[in-house]
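First, one chain by itself: the form predicted on its own, in structure tokens.
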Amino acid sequence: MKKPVVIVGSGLAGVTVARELRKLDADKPVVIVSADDGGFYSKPSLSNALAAGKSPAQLLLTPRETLAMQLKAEIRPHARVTQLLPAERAIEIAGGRTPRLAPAGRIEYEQLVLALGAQPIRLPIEGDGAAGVLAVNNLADYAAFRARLEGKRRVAILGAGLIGCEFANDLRLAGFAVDVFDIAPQPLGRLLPPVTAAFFRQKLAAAGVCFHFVAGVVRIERDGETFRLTDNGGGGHAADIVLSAVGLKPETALARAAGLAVNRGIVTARSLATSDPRIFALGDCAEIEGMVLPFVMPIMAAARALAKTLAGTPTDVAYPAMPVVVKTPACPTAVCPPPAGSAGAWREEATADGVKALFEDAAGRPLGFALAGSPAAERQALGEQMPAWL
């Protein structure tokens, strides 16, 4: 029998590769190896589902059985890949001791796609409450988070980046008291210039989010059913739940152990091929031409290109400028970072209802933008004027 394309990961990256491949080749055998149930859901929806009243079950868009039929693929759920064997063109899966887990086994492949995602970064926090800090990185995490929220009122969020701010806005809309801590001096520190960030902070603060900047949490103690947080300035804060949103680290352990090139992520060329030409990587785990882009639009572009390659037409990925929309209704925000390594400076223009910031080169040509408030409506028109990322 012909060996399959094996996709490790059933998130947006892995499932989109399979969907795009099926548009080009209806018969190529495909096996999807999933660490969870194998059903499809939108991971970006996890940070704004509370206010919409969506339960974990409602976030599941396509159950595993339906997805398998749609993709004409075998999906192996609850399977933990323990080893990549590039020389043998195979992967090893650990055996489970319960019927829920996939049995031990070996899957040989014609081509291997690594869509492993990323893991939450854990801060080195002291105290007996540190182990109780939650992170939401998948649907099961979200279900656990929702269960813990029952009967609670105060939530502390570690990290004022994109995910932290989206959760903060969503929790406020759902009626929770929210404190956000970050060692940076502003929210969205990697995305927004100062004036834009100040406007964004003002709007979320007006919605009830309490920010604590230049304030890292260094200790968390249990206090009965609640937590007591201590920041790096000695300040004390109470919370019923602590949610970590300090960032994600590309999942690279399997690739590194197999001898593939790894830097921040699994290193690939524009073809998405790793240092082994039969192994490809995309999504949150991949570093493509030096860039790690854990956003929806780059993942979709990479999946479309890779599907063409897997179907027999070698195709390099191309990244046009792709604005990132921050899901914070209190302050509509869109950011289009300039291409990596761009030289230039931000020019920010504040109005009564927002801020429009352009990142310009020495000749005044716009290379990127950040829009907060009403100017966010300009994101599509401005995006068409920006240079390609790759």
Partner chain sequence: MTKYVCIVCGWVYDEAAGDPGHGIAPGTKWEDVPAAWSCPDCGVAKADFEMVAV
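Small disclaimer: the values here were computed from a predicted structure and weren't measured. Numbering follows the first chain given and starts at 1.
FYI, the form predicted together with its partner chain isn't displayed, but the following is about it.
Enquirer: Looking at Val214, Met297, Ala311, Ala94, which is the one with a non-hydrogen atom within 4.5 Å of its partner chain in the predicted complex?
Expert: Looking at the other structure, the residue within range turns out to be Met297.
Enquirer: Quick check on this chain: which one of Ala350, Ala52, Leu61, Ala340 has a heavy atom within 4.5 Å of its partner chain in the predicted complex?
Expert: Of the candidates Ala350, Ala52, Leu61, Ala340, Leu61 is the one lying within 4.5 Å of its partner chain in the predicted complex.
Enquirer: Please state whether all three residues Lys3, Arg89 and Val317 have a non-hydrogen atom within 4.5 angstroms of its partner chain in the predicted complex.
Expert: Contact check failed for every one of Lys3, Arg89 and Val317.
Enquirer: At 4.5 Å between heavy atoms, only one of the stretches 171-179, 157-165, 299-307, 222-230 reaches its partner chain in the predicted complex; which one is it?
Expert: Of the options, only 299-307 has residues within 4.5 Å of the partner.
Enquirer: Although the partner isn't part of this model, could you tell me whether Ala376 comes within 4.5 Å of its partner chain in the predicted complex, counting any heavy atom of the residue?
Expert: Answer no; every heavy atom of Ala376 is more than 4.5 Å from its partner chain in the predicted complex.
Enquirer: Is Leu12 close to its partner chain in the predicted complex, meaning a heavy atom pair under 4.5 Å apart or at it?
Expert: Yes, contact at 4.5 Å.
Enquirer: Considering only heavy atoms, tell me if Arg19 and its partner chain come within 4.5 Å of each other in the predicted complex.
Expert: Because a heavy atom of Arg19 falls inside 4.5 Å of its partner chain in the predicted complex, the answer is yes.
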